[in-house]
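Quick heads-up: it's one chain on its own, the form predicted on its own, in C-alpha cells.
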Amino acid sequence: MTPMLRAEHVSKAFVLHNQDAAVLPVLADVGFTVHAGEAVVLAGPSGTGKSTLLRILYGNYRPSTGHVHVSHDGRMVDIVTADPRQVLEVRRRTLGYVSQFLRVIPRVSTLDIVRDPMLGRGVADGVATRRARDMLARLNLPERLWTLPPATFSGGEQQRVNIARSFVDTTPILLLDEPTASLDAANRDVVVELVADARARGAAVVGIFHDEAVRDRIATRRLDLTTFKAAA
C-alpha cells in the first residue's frame, strides 16, 4: 500500500500565557501512517487531543516536537518544516480539511463556494459547475438555495455546503473533524457513501466521528489517542 501521511513522534503542549505561562500537555509521541484507501478514525474521550492532532496534520498548529510527512507530487513533504507557500500549495492540491463549521464568505453564492476549489485546481468552468450541482443535489440541498450566500442557512445546510466543497473534487488526503455532527440520518448516510467513494479512488482519510454507528461504518482502523496522552 502507498503511504500518504505519516506522523512521527508528534507531541503538543499549550502554554497558557494568561495563567502565568502554565504548560498544558496534550499529546505525547504520536506516531502512525495512513495509506491510500484507508480511513483512520481518531478515538478517545473528550480532551485526548483529537481535534488538536487534526490541526497539527493540517499545519494549523505547530507540534512541540515531531514531524508530519504528506505525500505531495510524488514526494514526502514535512508540513512542520515546510515554508508557508509550500504548505498552502499542499493544501490546495493534496490535503483537504472538513471542519464542523463553514467559514461563510459574504455575498458569494453556494454554487460558487463549491466550485471555487475545482477552478483553482484547473477544472474547466462548465465541468466544475456540473459537478457542484450534482454534489449539492446528492446532499439534498434545495436548488433554490444554490444561488444564495449560505450565511443565513441552518447549521445543517451550511455543513452540507462545507461537505460538498470538500468532496466534489476529492484531494488525495482528507482530514474530517466531525463532518456529520449537525446532519440528519439521511445526510449522514450520504457522507458515509462519499467517504467510501473517496477511499475507492485511493484517498487516505483521517477523521473524528462521535456518532458510534457512523464511526463503525467509516473506519478501516482506529487510533486510540489515550495511548498517546501526555502526562500532566
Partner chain sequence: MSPAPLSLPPALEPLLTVDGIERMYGDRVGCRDVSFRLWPGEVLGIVGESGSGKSTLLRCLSGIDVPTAGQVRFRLDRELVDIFSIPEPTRRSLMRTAWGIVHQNPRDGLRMDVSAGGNVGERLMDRGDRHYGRIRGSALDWLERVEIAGERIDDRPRQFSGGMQQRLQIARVLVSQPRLVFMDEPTGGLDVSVQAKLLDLLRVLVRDLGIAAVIVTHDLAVARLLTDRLMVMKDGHVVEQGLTDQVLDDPHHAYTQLLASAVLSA
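As the structure is a computational prediction, the values presented were derived from the model and not from experiment. Residue numbers count along the first chain shown, from 1.
This protein has a second form, the form predicted in complex with its partner chain, left out of what is shown; the following refers to that one.
Look at 203-211, 54-62, 188-196, 34-42: in the predicted complex, residues with non-hydrogen atoms within 4.5 angstroms of its partner chain sit in 54-62. Among the residues Gly126, Pro142, Pro84, Gly74, the one placing a heavy atom within 4.5 Å of its partner chain in the predicted complex is Pro84. Put simply, Leu119 is close to its partner chain in the predicted complex: some heavy atom of it is within 4.5 Å.
Taking the partner from elsewhere, Glu157 is found to have every heavy atom lying beyond 4.5 Å of its partner chain in the predicted complex.
In the predicted complex, its partner chain sits within 4.5 Å of a heavy atom of Arg165. Although the partner is absent from this view, Ala151 stays clear of its partner chain in the predicted complex, with no non-hydrogen atom inside 4.5 angstroms. Residues from 2-17 that approach its partner chain in the predicted complex with a non-hydrogen atom closer than or equal to 4.5 Å are Lys12, Phe14, Val15, Leu16, His17, in the order they occur in the chain.
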